[in-house]
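This document opens with one chain alone, in structure tokens, the form predicted alone.
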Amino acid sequence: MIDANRLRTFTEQIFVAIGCSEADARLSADVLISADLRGVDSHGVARLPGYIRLYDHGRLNPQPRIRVVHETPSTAVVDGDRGLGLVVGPAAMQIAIEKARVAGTGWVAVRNSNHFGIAGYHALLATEHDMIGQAMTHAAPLVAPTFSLEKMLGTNPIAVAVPALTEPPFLADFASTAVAYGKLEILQRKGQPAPIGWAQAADGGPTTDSNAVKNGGALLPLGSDREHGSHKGYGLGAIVDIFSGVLSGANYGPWVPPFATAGFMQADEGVGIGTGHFFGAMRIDAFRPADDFKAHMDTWIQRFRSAKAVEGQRVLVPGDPERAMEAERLVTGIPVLEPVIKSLDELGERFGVRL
């Protein structure tokens, strides 16, 4: 167990060591540590070595010039200049928020970026302004569409954050796959098998091998197979890919460049520029008075939480488990697996930073 502030300081220092400004390093560390605090260990400090590998291979610009390359009063396309998605994402969401102030809604497509951490972090930024936030990103092809033997899509998450009056924001943040690839990485580090339905083997058959994706297999869409609705997960992933890639001018589908931790994959870039994201902000008072809406969100949240549940369980609202985990880990610290500790120690030794 490692104290969150200790991990945050270490992460900031590593980003500064590769040339990031102190402000960008602080923001990037905040995005990663927020994932760990909320229990999304697959997208926290375990990802730090991956960003450094991107830097080592010339795919990450630590001092990007993030700029708008096309816009209308309510939309924009942002070029991230190969910057950290952890920095490009919040910058693009801020543009969406500013456009929503003027036009009621703001929509921003991003190209030439990199992995942006947890989608929910970016979506929540809008709730601070009485707005509904939306964030999505595509990723390297790890996922086989229904009936496919080829990996064509990424885990392609979607996040929607909605403010309430006295209740914490509603936050739905989920991959369009049965599970995020980072969950398989955790099982690989532990030497454990994967549940049936997470991945398929190279021949398309079911498997419990947590290394299946590395061995020619693929992640499965949400639903796992056709009988359980995998075509719906495939559809969600396709929507994210089109909004993030085709609309922005980034690469898309099987051409999305791999994140460093998926270095076993070779993406053939060339249909666009880098990795893409898509953000939205909707001003609540463009639809109805904000406090009126938020009071009704309180009612919505409270009624769902009070729904009659099966014995021994209770109905949760999206965002509840993560908030409970954050409250716990702020006190107890963040559990970090030994292989992750080892990789962080190696970074610390390289850059002269003590964990």
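Note that residue numbering begins at 1 and tracks the sequence as displayed. Keep in mind the model is a prediction, meaning the values are calculated, not measured. Take the two forms, find the largest set of C-alpha atoms that superpose within 1.5 Å, and that set is the rigid core.
Just so it is clear, the following notes concern the form predicted in complex with another copy of the chain, a form of the same protein that is not shown.
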task = Look up in the predicted complex whether P73 has a non-hydrogen atom within 4.5 angstroms of another copy of the chain, and give yes or no.
result = yes
request  = Examine A46 and determine whether its closest non-hydrogen atom to another copy of the chain in the predicted complex is within 4.5 angstroms.
outcome  = no
Proximity of G216 to another copy of the chain in the predicted complex, heavy atoms at 4.5 Å = no
task = Answer with yes or no whether V317 is in contact with another copy of the chain in the predicted complex, where contact means some heavy atom within 4.5 Å.
result = yes
Among the candidates I95, A212, A164, V160, the residue which, in the predicted complex, approaches another copy of the chain to within 4.5 Å (heavy atoms) = V160
Which of 287-295, 36-44, 50-58, 326-334 sits within 4.5 Å of another copy of the chain in the predicted complex, heavy atom basis = 287-295
inquiry  = Residues V102, A175 and G229 are flagged as a possible site; in the predicted complex, is every one of them within 4.5 Å of another copy of the chain by some non-hydrogen atom?
reply    = yes
ask   = Quick one: which residues from 299-320 get a non-hydrogen atom within 4.5 Å of another copy of the chain in the predicted complex?
value = T299, W300, R303, F304, S306, A307, K308, A309, V310, Q313, R314, V315, L316, V317, P318
ask   = Rigid core fitted, then: does T208 show a CA shift of 2 angstroms or greater between this form and the one not shown?
value = yes
ask   = Can we say the CA of R82 moves by at least 2 Å between this form and the one not shown when the core is superposed?
value = no
query = Do you see a C-alpha shift of 2 Å or more at G182 between this form and the one not shown, with the core held fixed?
reply = yes
